[in-house]
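Take a look at the structure tokens below, where one protein chain is shown in two forms, each on its own, as structure 1 and structure 2.
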Structure 1
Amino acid sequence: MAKIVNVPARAVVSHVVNPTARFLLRIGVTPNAVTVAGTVGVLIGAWLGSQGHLLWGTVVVTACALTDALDGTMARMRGGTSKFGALLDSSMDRIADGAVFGAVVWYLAGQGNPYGGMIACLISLVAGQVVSYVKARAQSLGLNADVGIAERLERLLILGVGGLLGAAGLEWGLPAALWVLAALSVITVFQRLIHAGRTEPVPPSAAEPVA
């Protein structure tokens, strides 16, 4: 199944991320530095959101989350992503995701957990981690799980929409986005598991017809 944002994402990379990546490389900034800086920015945005500043929290988190595309583009322009760079990027993503969803749970708890938003948030957090784990584990086993309706970018965008709705005074906005996100994240887990299972090579003995 196609990703939610595909052509728009490529357009952003082409017109915004690529020129920015070239500029940063030209002035000596490394992809790993961008990765760490982006994570620090997300942590700041998450803290703002947890304190009730939904608009600024959403803006900061969204802006800093774009570094996930920026550091990868910079690495490719330098000739490829290093193994440590890939490890650092994945580790920082997990930290950032935990901070963002933890901040949302904290905020919703202070609001009395409207529409069960805390439950949806926790489901989204756990399912989101499993989505990433299934892909990484499948690759290590020689399988392909690079599919899914809601990958990390889509999940952050959905959460961002919910944050903006909440900032506009719509109490149902953030919980509604979280329930949508929870459902799509769970679906993505199963999509990846099923796809990985279909890409497993058939053993020679199983492929041979029985005499």
Structure 2
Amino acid sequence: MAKIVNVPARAVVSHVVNPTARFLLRIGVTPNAVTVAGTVGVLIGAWLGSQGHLLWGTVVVTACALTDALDGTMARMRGGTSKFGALLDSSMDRIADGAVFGAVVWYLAGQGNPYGGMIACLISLVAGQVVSYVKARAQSLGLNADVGIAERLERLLILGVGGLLGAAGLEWGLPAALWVLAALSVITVFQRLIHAGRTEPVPPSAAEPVA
């Protein structure tokens, strides 16, 4: 499911991202600067959301989260991605996600925790970070966990739908999206763990049949 959303989404946004990336490189902006600036923008959007400005929060977080496609494009266009850039990108993703979900918890607390949305939000926050951790740790061990129904893009989109429903005045909208997100994020943790387990090479001694 995740790649079905991610691949066409990238193709669509590339029409805006590619010329923007070329322009920024021409005026001397670096990919790492875009990575950090995009995260600062997400933090501002998250703060807006926490203060009850759900529509503006969602708009600003969406606009700034889209820079996540811009930094990598810039790095590839200038002829070289960097390991530090990849580390910075992933680290900023985790900070941005923490801020956005933390902001939503703060907002829901002020609303009196409708439909238990705070609990769903905390599950989504923790499970979402674990989803990313499992992939990174699996990679470091030589395993593959690059699967799952709710990768980062899907998680943000579901939260975005909730943010818009909440901004439209539907009190159940944000909690409903968060409960769906909590369930899908937990499922994704198990999908990644199971996939990583299956990709572990069988040791030669166990693979060879006993004579």
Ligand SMILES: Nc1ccn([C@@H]2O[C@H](COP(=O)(O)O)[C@@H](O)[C@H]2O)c(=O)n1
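Here, residue number means position along structure 1's sequence, counting from 1. Owing to the predicted nature of the structure, the values given are computational and were not obtained by experimental measurement. Each form is matched to the other, and the largest set of C-alpha atoms that superpose within 1.5 Å is called the rigid core.
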query: Answer for which single form is the form predicted on its own; finding: 1
query: Flag for residue 137, CA shift 2 Å or larger between structures 1 and 2 after aligning core; finding: no
query: Did residue 112 shift 2 Å or more between structures 1 and 2, C-alpha, core superposed; finding: no
query: Per-residue CA shift, residue 79 (Å; core superposed between structures 1 and 2); finding: 2.8
